[in-house]
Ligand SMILES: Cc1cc2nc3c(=O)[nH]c(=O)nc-3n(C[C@H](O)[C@H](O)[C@H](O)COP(=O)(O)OP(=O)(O)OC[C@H]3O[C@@H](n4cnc5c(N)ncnc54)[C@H](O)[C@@H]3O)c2cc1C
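Shown below, as structure tokens, is a lone chain in the form predicted alone; questions about how it binds or moves come after it.
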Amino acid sequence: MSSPRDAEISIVGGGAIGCAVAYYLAKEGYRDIQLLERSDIASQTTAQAAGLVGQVRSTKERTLLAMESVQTFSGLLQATGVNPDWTQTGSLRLSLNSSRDEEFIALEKVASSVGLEVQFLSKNQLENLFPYVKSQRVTSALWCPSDGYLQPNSLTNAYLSGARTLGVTVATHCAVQGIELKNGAVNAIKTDQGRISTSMVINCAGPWAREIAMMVGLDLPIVPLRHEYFITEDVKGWNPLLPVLRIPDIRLYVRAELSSILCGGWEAEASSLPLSNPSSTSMTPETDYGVLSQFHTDLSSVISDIDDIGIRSIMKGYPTFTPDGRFIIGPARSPKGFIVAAGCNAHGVSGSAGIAKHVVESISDSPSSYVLSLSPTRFENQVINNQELERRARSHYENYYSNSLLPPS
């Protein structure tokens, strides 16, 4: 690692998104890039991620973004020499209610339309792939063989290794304190280690992204929301090659963590950081044992023989959500040279490669209409007070696994 320096491009935030952006920019031929991280690399929201990677999405664009990430993960070891610990187990999306089956059919059509291999499984096929599921509860099972999971820290280290090989420099324990403008454009960054001349700032600061944006007068509508998961004690028969499970009807996702179960979910009543000054609050939320206990109870209704399995460890953090549930990617209209890659709606790690590709495209001469639709400029004419912003962001979190084909209740 090095000290902060003057650079043409300065990336703020050393998590999966920031390191992926550095790697993609360098691959595209951009030079004179530095990455600034206020703590250690991948030590904040990235370190708290569960690492699931799923490509089955409700739109073609989001599916293609996820497919880009999987393609990148599969080649990172060869490209960078660092193993991202990518385990391509495949994933199962399970319906426990016939009213959700139609949604799964729609998801299958979207996947097939962009060349993502998926298929519905019979009961026998499901039992063979995942013998611990109580298959009598399952009304349909959608299988994606190219999905999987990874270790977020390993992924970030692989990005960083590739970026540094291409000339990117990294300064850790360097906190951004202000951004200096000149003639309506980014001119410098003020840090606790001194002033840095730069003509482009890429804001990949995760839960701090709104605070960084406010330094240039931009009110970025993102909300850090608590997310929790647990890892159990060892469970007989569980192993790292079992498929990932997503069970929308009980709001849960599941994967193996060696011989243990990793289980997380989407809380019915989300909890957010205070938007007035998130830095004044710990980025490690208090554990809600009632929520985790309910996760465990719900999981045991679908997975056999885990009622008495204890919890070994708990992870939690504050991924950021936006009022419309979509990423915020691309240049601000003002100031010139201020780029955003934030509001990842809990897909920062899994979507990091696709997001980085979109960032590069957003500063090109001809970004696609989809990438343009993710621009922070879409919020320019919206006045959203903090209370309304929290309500809308929480709604996207709380309804993350809602059946999109049913009318709201």
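Residue numbers run from 1 along the displayed sequence. None of the values given here were measured: they were computed from a predicted structure.
There is another form of the same protein, the form predicted in complex with the ligand; it is not shown, and what comes next is about it.
- The putative spot formed by I17, E37 and P319 is fully lined by the ligand in the model of the complex; each residue has a non-hydrogen atom within 4.5 angstroms of it.
- Per the 4.5 Å heavy atom criterion, the ligand in the model of the complex is contacted by stretch 202-210, the sole one of 133-141, 202-210, 97-105, 291-299.
- This chain appears without its partner; in the model of the complex, the one residue of A49, L374, V70, V340 with a heavy atom within 4.5 Å of the ligand is A49.
- Listed residues A393, V12, L25, I9 were compared with the ligand in the model of the complex; V12 is the one with a heavy atom within 4.5 Å.
- The ligand is not drawn, but in the model of the complex it has no heavy atom within 4.5 Å of A353.
- The ligand is not shown here, but in the model of the complex it comes within 4.5 Å of a heavy atom of M315.
- In the model of the complex, at least one heavy atom of Q44 sits within 4.5 Å of a heavy atom of the ligand.
- R62 falls outside the set of residues with a heavy atom inside 4.5 Å of the ligand in the model of the complex.
- Shown here without the ligand, the chain has no residue in 58-75 lying with a heavy atom within 4.5 Å of that partner in the model of the complex.
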